[in-house]
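Below sits a lone chain in structure tokens, taken as the form predicted on its own.
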């Protein structure tokens, strides 16, 4: 599972940072979190791809998080995309998308499916993972998102299955996916008889714009990676609170409370040409922290068990 930061600035782009967007590539699926202006160019450079099965998750309706959608739709259409595109976000997203579809004539070549979210819940679920959201605390309605993988099957022991008289085939798969089976004669075999204990999946949480939030700390509990609003330094803590943002040290305190593995400082104000001060302030509260940079890619590994 690859995480690529496509844009890490807040409000305005800089010479080195585009506006907010983050991509997660999990197997063949692409999940895009926020879509600031120029995101499609960043995707070209990062070689993320435009034809994949894709879902986009918008945190809130501020321009720096959503104005990249028209350009992305146009680029996808010019490249001949036909695969449906699902877009999730807060109230107002549907009206925004309909407005630019009517006023910008770019010949959309694929269906766009929009779902507006009014509360924290599970948005999408498969056998292997779910995408969930939680309310963030910003100046307008805003969401945080998380990709939560489900527990993986424990290591399967074919020799134990064969010793119990279970032939290779569908019943092995059932046991691997934690389903008991019945043998001829009525005996029930449980998964723990032939598999090791189940193993945790991976968890990535993306805050969007937010003040420090106990709700978000709970939502991010135990995450492998927390990507958190870190707009300002400690000297501008009052400004951060007024505008619905966090400082880097506040993000670090949330990471510490949540017991996450790593924290990425994200959505940095353009005033921090050298964000070293933000990193130093954050490290006072949480050690495993780094400043997200455009085109940085992380391979999120499974926790060792």
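From a predicted model like this one, the values you see are computed outputs, not experimental measurements. Positions refer to the first chain, counted from 1.
The same protein also has a form predicted in complex with a further copy of the same chain, omitted here; what follows describes it.
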Thinking of 130, 181 and 200 as the candidate spot, does a further copy of the same chain come within 4.5 Å of a heavy atom on all of them in the predicted complex?
no
Listed residue that, although a further copy of the same chain is not shown, lies within 4.5 Å of it in the predicted complex (heavy atoms), from 54, 269, 249, 40
40
Can you check 216-224, 71-79, 108-116, 162-170 and let me know which stretch has heavy atoms within 4.5 Å of a further copy of the same chain in the predicted complex?
71-79
Examine residue 188 and determine whether its closest non-hydrogen atom to a further copy of the same chain in the predicted complex is within 4.5 angstroms.
no
Residue contact check: residue 25 to a further copy of the same chain in the predicted complex, 4.5 Å heavy atom:
no
So, residue 95 and a further copy of the same chain: in the predicted complex, are they within 4.5 Å at any heavy atom pair?
yes
Applying a 4.5 Å heavy atom distance criterion, does residue 67 contact a further copy of the same chain in the predicted complex?
yes
Of 123-157, which residues get within 4.5 Å of a further copy of the same chain in the predicted complex if you count heavy atoms?
140
